[in-house]
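Single chain ahead, by itself, as structure tokens, in the form predicted on its own.
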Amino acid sequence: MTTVESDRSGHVHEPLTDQFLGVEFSVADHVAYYAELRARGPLLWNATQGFWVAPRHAEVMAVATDSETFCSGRGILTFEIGAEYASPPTMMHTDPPDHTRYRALVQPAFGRRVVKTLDASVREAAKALVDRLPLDRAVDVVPPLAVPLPVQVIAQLLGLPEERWDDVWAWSEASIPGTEIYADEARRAALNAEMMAELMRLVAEARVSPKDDVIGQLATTEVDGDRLTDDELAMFLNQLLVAGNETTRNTISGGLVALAENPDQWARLVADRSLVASAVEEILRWTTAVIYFMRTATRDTELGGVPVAAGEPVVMVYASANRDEAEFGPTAGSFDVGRSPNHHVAFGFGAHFCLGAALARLEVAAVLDALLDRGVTRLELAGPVGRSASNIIAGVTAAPMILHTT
């Protein structure tokens, strides 16, 4: 594939980076595509929209851990380049000191102590869903397991009754660019408006009579007399609802697909339950639910030996970084439930490390434990795996498989 010089910056355009324009991928083999990106260099320029692509682990880490040099406030997705917001649409669009303030105010609601109190209820929910799955015959595990578990957990965190759980799923789907379910923009806008109206209602209730749930904690938490405004609360709850649902669902379904494709690795879990924790980390690395996020250089700098000018965006391709041989060695392309160390970036890194990481880990572990408790000895794919065309979320839309017990 040839490259051409095509912009005033003097950077050479790499056509492979066009996959990060818009919201859809057109490549069939993502793994091979990421490998080709990494082989072409530490930074690749897209002249069509004017951004760098960083496909390797080292450069992704360098960007993620330097929020002074690479900011989030100018957009985190390529279609936001040039956009200006009167207020940040999500906490992910903020930088220190604003981001530091937000973290201080919301972290108490998602700390390890809080997640520990959820352990029993999350495992109970996972067990109930797994126990309803048919054994020794084909079932698509996405609708009855991967979809409802994160929805139930998020809905309970938000204090939403069971009759609204289906709404949580619809709101989440409508909020993710590139998903096929709600391609109709009018329907997408209506669902987003409905979601925000419900979130604002919950915020108003929590201000008057806070409950012992996430909204109640967020509404009442103060740091040096400072607390979140109603708009800030709604912004964060929107992010929680979408990110906590969509990413965990695809991690669960993608992880089960990986275990079906690598039956020897499931056999290792059956033989040694102590590997569940490391298996969760490998599932996170392997699936990498969030494909990329973007930062923008605040000053002239250098990345991977390549000069980056102030104002130039950099796309951190987490999904590629998590397959980088330079970090994970010659087995980077192998699924290994015992991998250690495992310095994956599935949750990002640095200041924007995912707040819900502990909860996501708990949900994935709960599913694995529930399947092992039910006596599943092998997972076998029973048909083609359906995958989303989104270049933002690595979605698994269908995962037909047989849960063998003999």
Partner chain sequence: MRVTVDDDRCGGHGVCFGLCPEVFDLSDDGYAVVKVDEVPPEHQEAVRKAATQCPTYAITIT
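Keep in mind it's a predicted model, so treat the numbers as computed, not measured. Positions refer to the first chain, counted from 1.
There is another form of this protein, the form predicted in complex with its partner chain, and it is not shown here; the text below is about that form.
Given that its partner chain is left out here, which of 116, 137, 201, 132 has a heavy atom within 4.5 Å of it in the predicted complex? Looking at the other structure, the residue within range turns out to be 116.
Could you tell me which one of 365, 381, 351, 372 places a heavy atom within 4.5 Å of its partner chain in the predicted complex? Going through each option in turn, the one that passes is 351.
Contact stretch among 107 to 115, 305 to 313, 282 to 290, 190 to 198 - heavy atom within 4.5 Å of its partner chain in the predicted complex: Going by heavy atoms within 4.5 Å, the stretch is 107 to 115.
Examine residue 65 and determine whether its closest non-hydrogen atom to its partner chain in the predicted complex is within 4.5 angstroms. Within the cut-off, so yes.
With the partner left out here, check for me: in the predicted complex, does some heavy atom of residue 357 sit within 4.5 Å of its partner chain? So residue 357 counts as contacting its partner chain.
Taking heavy atoms only, is residue 361 within 4.5 angstroms of its partner chain in the predicted complex? Because a heavy atom of residue 361 falls inside 4.5 Å of its partner chain in the predicted complex, the answer is yes.
Does at least one non-hydrogen atom of residue 343 fall within 4.5 angstroms of its partner chain in the predicted complex? Residue-level check for residue 343: yes, a contact with its partner chain.
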